[in-house]
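Encoded as structure tokens, the following chain is the form predicted on its own, with no partner shown.
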């Protein structure tokens, strides 16, 4: 496949198999390794390299540190009507959040709404993966995750909240193209700082601050990221912590700030069934009418097309399925190092 000075290209299936092998060799149970690899490569396909396979060395390190249990045994700990709570037992985030999404859909099929909280899981990656899962079941999905302080709380020079990603997905008449909003409450996802570091690039000064709370353009010096839209970003993050962690019974931010304790990761998935609102196929029809209305707006100067949430990712995924997934040389180097430690063969495309 084609190469460039800064990147090399690899086929989706090859990257997925290589990633799963690395994770399994690093301590993940076979099915957990495969599900995590599927999520990571899903992100790379859509151009979200910050949430892709560059995370693998850290995921393996988390197993070594006991932050993640490669053989975790998550279980349903509480169910009350349309609400369920899963005790995650530090399960890999891809598996834990998929369990929560599936349980939310199951409950929504019965009650019209399903809410599933999962506590003590691990980093869940690109949460649009889970709302797309709900949307493909014909429902509106909302997913949020929470972790330790990683982001400056507006008005402070120290980390006070996490970057709390939130995603909303809705089905459309095109089953392969649900509408999926996936965003972080930070000015930029921490993974994008990692990606810039791997690519040897500087970052904009409004992405993060150093250990002194001063803005930096050097990704290696970033101690914490900044919230999007100032107080709006940090305020939204605080409320997500309440919904995902406090309501779930495993507070994270207060544990970190007052007890200096890392209480892990939590997640929440909500599924909404259109039929509960008296809608059937009419819902997807109205979504499509809204899509047509937005897509027919005149593009701004310098813009070729008005895009919907998630659309750029779907278009890029279609292209990368045909042409392969480009990886930064820094990412390849770190994956190859992990492979060497564990006796895993590196695909020729990355050699």
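Residue numbers count along the first chain shown, from 1. Between two forms, the rigid core is defined as the largest C-alpha subset superposing within 1.5 Å. Computed from a predicted structure; not experimentally measured.
Below, we turn to the form predicted together with a further copy of the same chain, even though it does not appear here.
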Position in contact with a further copy of the same chain when the complex is considered in the model of the complex, options 228, 194, 150, 137, heavy atoms within 4.5 Å = 228
task = Answer with one of 274, 264, 219, 74: the residue that has a non-hydrogen atom within 4.5 Å of a further copy of the same chain in the model of the complex.
result = 274
message = residue 175 versus a further copy of the same chain, in the model of the complex: is there a non-hydrogen atom within 4.5 Å?
response = no
ask   = Is residue 281 close enough to a further copy of the same chain in the model of the complex to count, meaning some heavy atom within 4.5 Å?
value = no
Partner contact for residue 212 in the model of the complex: a further copy of the same chain, 4.5 angstroms, heavy atom = yes
query = Does the 4.5 Å heavy atom contact test between residue 254 and a further copy of the same chain in the model of the complex come out positive?
reply = yes
ask   = Is a further copy of the same chain in the model of the complex near all of 67, 126 and 205, within 4.5 Å of a heavy atom of each?
value = no
request  = Heavy atoms, 4.5 Å, a further copy of the same chain in the model of the complex: which of 28-36, 41-49, 313-321, 286-294 makes the cut? Say which one.
outcome  = 286-294
ask   = Using a 4.5 Å cut-off on heavy atoms, what residues in 78-101 are near a further copy of the same chain in the model of the complex?
value = 78, 80, 81, 82, 83, 85
ask   = Taking the rigid core as the frame, does residue 77 move its C-alpha by 2 Å or more between the shown form and the other one?
value = no
message = Superposed on the rigid core, does the Cα of residue 192 end up 2 angstroms or more away between the shown form and the other one?
response = yes
request  = Indicate whether residue 254 shows a C-alpha shift of 2 Å or more between the shown form and the other one, with the rigid core used for the fit.
outcome  = no
